[in-house]
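The chain below stands alone and is given in structure tokens; this is the form predicted on its own.
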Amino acid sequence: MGQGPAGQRDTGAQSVLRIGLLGFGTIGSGVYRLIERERDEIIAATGVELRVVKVLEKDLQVERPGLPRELLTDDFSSIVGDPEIDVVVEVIGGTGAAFDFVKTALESGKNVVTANKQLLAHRGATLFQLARDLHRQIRFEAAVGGAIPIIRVMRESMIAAGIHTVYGIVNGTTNYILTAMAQGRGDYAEALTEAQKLGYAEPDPTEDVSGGDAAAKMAILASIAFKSRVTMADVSYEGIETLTLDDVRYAGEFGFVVKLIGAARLIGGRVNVRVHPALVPEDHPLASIQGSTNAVFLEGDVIDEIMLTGPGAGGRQTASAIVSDIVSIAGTKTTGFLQDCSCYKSLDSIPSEEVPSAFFLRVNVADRPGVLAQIAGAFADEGVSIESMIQKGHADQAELVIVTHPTREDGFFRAIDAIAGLPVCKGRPVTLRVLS
């Protein structure tokens, strides 16, 4: 860390850590403002002054209230080529230019802080290896849980906990939408519009509602938990775009709440990671997680079960995690296993088809004798057992809502294919997993 130059006001800091900030959007501006606002507190706690000295943006003519114009640059080389800059903070997103920027920053001797979950889930292996080879740090707490310090807890506090399961709600946007639907504030489209108006959902919400955002986060969490690299290609994921109010209401009749769940499991030495909507029992702690809040469960041989919860969507929460990572770099004199993913194992994946799960299904059928027997027969052929069922008649049709006992997914979906092909069925059944 460089010392403060002559002529700077005396802040009482023992040293200055200079920061190059890549991007000044919602998160980047939040990082800058938080550093300015909490400057004295950080100095008092650490003896280090955090100072943003350059901000990279494409258009230098746009007004950015509160940011001195002299800090702006559209030349990345002016940041990585500045020997006085200690840390590069990447908040531009994406996996193209962001990868090049982070790679070059590491090669130029800078430590890096990023909130870019997609970058780490798709191309993190290369960057972490480079950082290790060059004895540089990549800090990425803000990439997963917003204000929840899940990365730090897993890498430091739980290193000997024997973690075998990580699961929970890791996307605030979808949780807000599902909460609104459960509370009767509208269907999926209406709840999404509400989330966008309040800033919980982006104008293009695809990454969130498709499950892609949660999948990237689960790839990162699984890599840390199981010490084996998990990428986006290893994660199966589904979103919430096709969920209807009927699904949410029927779930309530069975005593469930619908949530988008990310789950990573170590099963017999193999790893399964996936994201999907699931019915959560009303008495489970995750059922009470509402709005944009996130919650993550850690299960291990030593710790049994621990839940961490906190705000999961919003620029302020992400900015807080980024500043925390910068402070961690300031207080770390050497690099080591706590600054990377520590993926020293190479575990095989287990296909989701082999993983057992209970299921909810909803299907419209002709209301005539023998229909239930045909459906039960299709399930029996694949060893699927029915736990409970609701039937509601509509003229000459009936709607069947069924919850099964846990069963292998491949057998269940073979049964669904058979049921969909029955002449008495009016379309393919809607299926959702049940959190066991």
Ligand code: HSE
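Position 1 is the first residue in the sequence shown; the rest follow in order. Keep in mind it's a predicted model, so treat the numbers as computed, not measured.
Note that the form predicted together with this ligand isn't included here; everything after this is about it.
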* Structure fact -> Partner contact check in the predicted complex: of 226-234, 172-180, 76-84, 263-271, the stretch with a heavy atom within 4.5 Å of this ligand is 172-180
* To do: Check whether K217 has any heavy atom within 4.5 Å of a heavy atom of this ligand in the predicted complex, and answer yes or no.
  => yes
* To do: Indicate whether D213 is a 4.5 Å heavy atom neighbour of this ligand in the predicted complex.
  => yes
* Please check if E90 has a heavy atom lying within 4.5 Å of any heavy atom of this ligand in the predicted complex. => no
* Asked: Going by a heavy atom distance of 4.5 Å, is D208 a contact of this ligand in the predicted complex?
  -> yes
* **The single option of K117, R139, K110, K259 touching this ligand in the predicted complex, heavy atom within 4.5 Å** => K117
* in the predicted complex: members of 363-394 within 4.5 Å of this ligand, any heavy atom -> none
